[in-house]
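The structure tokens that follow cover one protein chain in two forms, given apart as structure 1 and structure 2.
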Structure 1
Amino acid sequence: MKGRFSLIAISLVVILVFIFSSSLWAASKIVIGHPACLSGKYAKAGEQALGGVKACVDWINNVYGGVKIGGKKYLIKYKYYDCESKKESVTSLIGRLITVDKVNVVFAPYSSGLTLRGAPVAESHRMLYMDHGGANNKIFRQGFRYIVQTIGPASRYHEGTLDMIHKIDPAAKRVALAYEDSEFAKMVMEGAEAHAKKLGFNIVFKRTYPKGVTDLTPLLSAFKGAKPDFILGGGHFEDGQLFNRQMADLDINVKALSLIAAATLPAFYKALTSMAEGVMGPSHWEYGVKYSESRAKKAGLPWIGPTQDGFVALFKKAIGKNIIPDYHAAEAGAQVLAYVLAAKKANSLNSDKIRAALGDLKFMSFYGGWDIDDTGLQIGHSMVDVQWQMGKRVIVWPPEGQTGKLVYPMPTFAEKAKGKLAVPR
């Protein structure tokens, strides 16, 4: 009993020492603080974001040669903790990052909810707060002053897809919308609905399904009867796979299927294999996009950052795995570049000045264009549409960014089961 008790006493002392020994290190470095989502429900996106930030920090320090401000060269240090995808941890970690680690900028955690949770803390410290994973437009209608978005707003996810079908197949008028019942997906749905009406589409079905469902059969059977020409929907990762799989199971064939979030990830094809052939998804960024220094010059925008392949190589090095980064990595990485450009332009590390510089900033990187409006909402970045063709992701929209032609209509599920792939004519 005694031994057990002294053990507790010792551990208490150790804990107390930890609390009060706030590590003090002065730095001639720029520190990026990040309550990253390394475990919990957003772990997948969080890992990508971590790799993306590390890759771009690496590039700035070792290729770009650091950041020169006021004649002094600064290197970037990336300080991150794991927020477990939980709001309580987000605020306590941001508090620590700002006051103990004395970071110069805070990168928001993944998702709109967690981004919102941290915003008041960042605001109260007058700390620049950069959002790479919160797409909800409403974040930017709250009057926050220090928040800046790199990810594109949710309402625009499916606009490109609608534009594309409008152009390619003017006869296809019947669209079905079936999204996850979450704040993010519903915002995408509202945006898609408004844009579809503007283009003269006929919305024949519009329903949601709850988060975390394991069987979509009743919903899918319901829209089978509505006979849509094409379907827009999705929400997150697992439900996207389920959506596609169960459409195959129920033999529901449409000319095009576009799912948000899930469809552009490599895991989607790995899980579904041939059933994913011809399925599309909007993406903020995709390996294969054609953003380059020369294109930036043509558009009259300054260029910064690694080339696309350079980014991919740095990303692989950063996370120590041989995987191609997805858009979560790209947008987190682009955020580092935006910060560096703005800091240089402001010639200061003061959050207010950098925020003002970000407001005027317009640039292009491997991620594409970057520009924000007065509220901090991202308006300069356009999304691409990706289609699975023969096991590869092909960018089919916009026309100027195409890496291949759209396969339209996509093969039926019966054809796919027999091994037919989506091959462009």
Structure 2
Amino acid sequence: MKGRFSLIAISLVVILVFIFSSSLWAASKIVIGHPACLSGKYAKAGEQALGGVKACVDWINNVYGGVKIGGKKYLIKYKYYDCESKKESVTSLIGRLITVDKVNVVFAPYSSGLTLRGAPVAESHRMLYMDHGGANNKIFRQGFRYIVQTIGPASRYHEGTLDMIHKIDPAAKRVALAYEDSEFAKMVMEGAEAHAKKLGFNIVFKRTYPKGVTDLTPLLSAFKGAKPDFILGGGHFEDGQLFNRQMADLDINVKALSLIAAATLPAFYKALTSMAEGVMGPSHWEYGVKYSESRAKKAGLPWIGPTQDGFVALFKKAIGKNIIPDYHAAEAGAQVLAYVLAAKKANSLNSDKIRAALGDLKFMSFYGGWDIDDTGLQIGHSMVDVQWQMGKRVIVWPPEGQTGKLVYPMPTFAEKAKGKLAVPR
């Protein structure tokens, strides 16, 4: 009988220890909440973002050793729901994540529209709201206090392109701006115009074209007469492809052509083949970019996170597919790293304290630089410029991230028709 009671006592102790340790386990979690776009029109970008977040959560928990706050170690838990790329789902899911799931931070869904839709909900709960997929500057002109951006803002998409041309060819002064008449593209144009003027370029042509355009001949003919040295423009894949094709048809040759949201896609070259040679486009991140711990040291910035190849391996593991991540994954993953550094700096899980710490934070990761202004707008991350050279995408700017030299001026369309490719000198 005595032995039986001893056995019961031991069993009770084991149960109590299990319950106690389980409560400690639950208390040692930082929960990231995310209304992810896993279906609907943003599903592709949403899948990439999901894989990027999971990859960096894996790295923080299993390589970095978790997050130490107040002398205690925390691991990260990632709680997400499919918002189906719908605005109404975003608002309800953010409310659920905050009030039911008790998350510590909310990651915004992909796209500027969905990000903006969710911002007032997070704001009303005084919840930190981190934006990895909303580039529109207008999000940060609404007076929100808790939103912070990781993706580069639309107004900076063509800044690097202008900086590059200004450096390599001071004599090239005449620039044409021709963008789609959409809110995003017009914001890119606004930023490009301001930066071009700052650098002393002459804007010899500036015009927008309608969404869904099927013929750009009138616009292209007009700026041909303006005789620009180079052209910045675009909006989305379809119009970017049309832009390039009709420039070839009209034999409009310039020293450089950079198109947003189209020229960086493999499908762009597949559709245009040699006519795409030498064409450029800005991207938030590309596989092969040379950001590293040693480059961070040269820039005087702290480094955190996996190497580029380490991130790629973790991404493939996270989504169970043998595919290279794109910038949607990289920016979402880098957001995890920013949150972790800020939580450590604040030594707290309080949204107000972490938001303040994010305002003082500067670092570099495989994604590049990170820094925000007082409104939460990202100002530390530079776009990378990619150019099609011999059928491959080569990162040509910034110098600390490039994988090859810029081919400048780009081959003429007549040269490309004869098989001349963009070969670095």
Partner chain sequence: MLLEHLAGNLIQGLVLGAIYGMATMGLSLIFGVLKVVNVGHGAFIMVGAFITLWIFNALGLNPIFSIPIAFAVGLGLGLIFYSLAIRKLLKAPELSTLLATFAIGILLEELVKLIFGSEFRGYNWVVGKINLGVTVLPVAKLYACIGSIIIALLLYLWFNRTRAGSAVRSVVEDDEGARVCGVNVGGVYALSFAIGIGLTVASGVLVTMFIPVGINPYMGGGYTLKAFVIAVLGGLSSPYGAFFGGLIFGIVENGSYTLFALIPGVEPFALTRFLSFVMLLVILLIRPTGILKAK
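Reference numbering: structure 1, starting with residue 1. Being a predicted model, the structure only gives us computed values, none of them experimental. So that the term is clear: the rigid core is the largest set of C-alpha atoms that superpose within 1.5 Å between two forms.
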Assignment: the form predicted together with its partner chain
1
Considering only the rigid-body turn between structure 1 and structure 2, which single choice in Y110, V103, I354, S283 is at the hinge?
S283
Suppose I asked you to quantify the rigid-body motion between structure 1 and structure 2; what rotation angle in degrees does the smaller part show?
18
Superpose the two forms on the rigid core, then give the C-alpha shift of L257 between structure 1 and structure 2 in Å.
3.9
